[in-house]
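In structure tokens, the next block holds one chain alone, the form predicted on its own.
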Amino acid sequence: MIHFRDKNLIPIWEKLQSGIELTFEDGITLYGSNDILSIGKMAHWLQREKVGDAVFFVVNQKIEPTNICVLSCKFCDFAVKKTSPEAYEMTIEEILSKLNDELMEVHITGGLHPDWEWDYYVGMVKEIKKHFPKIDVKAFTAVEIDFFSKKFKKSIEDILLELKEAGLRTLPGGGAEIFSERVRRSLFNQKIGAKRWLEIHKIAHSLGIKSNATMLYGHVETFEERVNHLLKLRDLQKETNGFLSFIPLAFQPGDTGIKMRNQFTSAIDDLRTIAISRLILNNFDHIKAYWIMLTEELAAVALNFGANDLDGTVGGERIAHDAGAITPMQLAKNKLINIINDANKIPVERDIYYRPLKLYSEKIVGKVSYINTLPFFQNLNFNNYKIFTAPPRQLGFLFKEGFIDAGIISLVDYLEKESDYRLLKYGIVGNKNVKSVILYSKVPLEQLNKKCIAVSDETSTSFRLMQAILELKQGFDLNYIREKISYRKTNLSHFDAFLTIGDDALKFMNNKPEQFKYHYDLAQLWYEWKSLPFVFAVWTVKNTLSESQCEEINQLLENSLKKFFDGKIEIEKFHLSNLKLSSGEIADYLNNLTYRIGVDEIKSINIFREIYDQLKMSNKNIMNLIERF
């Protein structure tokens, strides 16, 4: 419950709870409100709906190969001309000397050097990947990509493809500044504007290169220009779904000569901007509190104002510091972990794509990020436990590594660590069908032999169930490729079939792809084969929990289920909007599932355990699953 001092925020809160995106007028209302705590609470609610209590960070290094730049942007305190005594140029060997095997990401941006050849940039990326294959390369802003294209007379597509082939994984979001032609002419008239920046990121997304987005605020821009900036980013994300995160960047005035009312943005403005970014950018998963520019103390507060990422250790950053940023040049990993824990969040070490690698907290409950877990979690209060939300495959990895104490986990992942976890009385079970684990095919099932199937990158158990049905029962020889599959995805036509699960499968319910006219419910195929329900996920706890703790969790789950299913099922409008289904369709789906593990479910688990052991013995089946991210 939020007690609004500013009643003008109530309609905005109602929109958010209904999953309705905010308008330009809503953004102006938010910026004009002094009820900063209510704005923060709304942003924190939306943040937890998306990622639970997780806050991400990465062990990374910032590399700025040169400060020599052909541009002369008024707001920049970093760039110099070649004749400046402060000018520097790094060789590839010098760049490599700043990296080590503990890093997960290197972030490369710098000046637009007038003399370097194209081979230098491609060679830089290649050499990094050659010497440090584990490090993901995030490099070159849209401004740099545009510069490369013009200088070397190559198309944007060719530039990006060559860099991708060399090892580039993502683009940083820098160079966006503020999407205002008025401001561009005043402060950086030599730089690309909004149209070109958005075009380059759109092309990158079409080539499978994810990117980030930024907004530089706190200089001469207006609130209206800030809101317009956010809306343009949201529109492109709707079209491409290619942005990983959004980073509001507080302007650092330094010695630029730009006249400012205050030397730095205020803490209130920083927190308000982070919160409003979270509220308007409803289709972005991650909002970053960039501690380099905010200070670590304010970044910690921002974790309860909608931010769920602190960036990383960021060794070697110079651009912000040359402009007067007062944060330490490198924040140790343990310091980041302490900041996040002190904010009562879960520190999550991630890779460049926000896949979790390690959790650094105690008493964590794992939650699969699908609506079929709603009957457990809508009325569940775990008191001292924190909630970590993720797709089944990511959650399974963290369970197997021992980072999660209790929660709902894919059946296959439980079977992998059966000796370390105790099975509770609850799970998610498809009876004669499940409706959310669907194989779409261009041909009838019996004609799938020797075909290629795209597999959702979120699945653990459903993939193995499909293997059991198609390979062991039908005797087929198949090839599988992991893909990010969503109901909006258009590049599945070169596959013969695809497997989709969870909420994405539900979104296909009223939007079936025309080419794939055959669709098969895997729970139904299992029932026809074994005359038993199929258990997709189970509730489990670490063996280190006491008997009384296990019984307490069992009772909490039972009470939550009873409260959810007694009488009319109430589905929050937020979920209806995200799934694009009616409350009746979602209620029918949830009522069709079984949430308790009984005799038939245990029998089904035991049968599948034997089948799973057979599948694991086949190296061919394991090798056929090609990882593509």
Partner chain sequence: MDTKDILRKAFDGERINEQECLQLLSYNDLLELGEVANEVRFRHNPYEVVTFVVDSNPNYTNVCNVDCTFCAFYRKKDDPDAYTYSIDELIKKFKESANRGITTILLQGGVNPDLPFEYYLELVEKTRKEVPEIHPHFFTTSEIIGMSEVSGLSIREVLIKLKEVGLNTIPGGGAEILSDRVRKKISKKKGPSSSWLDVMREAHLLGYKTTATMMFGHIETNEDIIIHLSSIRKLQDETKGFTAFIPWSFKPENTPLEKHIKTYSSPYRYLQIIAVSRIFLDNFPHIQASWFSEGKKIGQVALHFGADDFGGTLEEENVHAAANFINRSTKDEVIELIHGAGFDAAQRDTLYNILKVYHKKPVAQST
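These numbers come from a predicted model, not from an experiment. Positions refer to the first chain, counted from 1.
Quick note: we don't show the form predicted in complex with the partner chain, though the next part is all about it.
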_Check for me: heavy atom within 4.5 Å of the partner chain in the model of the complex, for each of 224, 267 and 343, yes or no._
yes
*Out of 431-439, 185-193, 214-222, 506-514, where are the residues with a heavy atom within 4.5 Å of the partner chain in the model of the complex?*
214-222
*Identify which of 297, 157, 418, 115 has a heavy atom within 4.5 Å of the partner chain in the model of the complex; exactly one of them does.*
297
*Exactly one of 271, 230, 359, 137 has a non-hydrogen atom within 4.5 Å of the partner chain in the model of the complex; which residue is it?*
271
*Spell out, yes or no, whether the shortest heavy atom distance between residue 584 and the partner chain in the model of the complex is within 4.5 Å.*
no
*State yes or no: in the model of the complex, is some non-hydrogen atom of residue 40 no more than 4.5 angstroms from a non-hydrogen atom of the partner chain?*
yes
*Taking 4.5 angstroms as the cut-off for heavy atoms, does residue 337 touch the partner chain in the model of the complex?*
no
*Counting only non-hydrogen atoms and a 4.5 angstroms cut-off, does residue 305 reach the partner chain in the model of the complex?*
yes
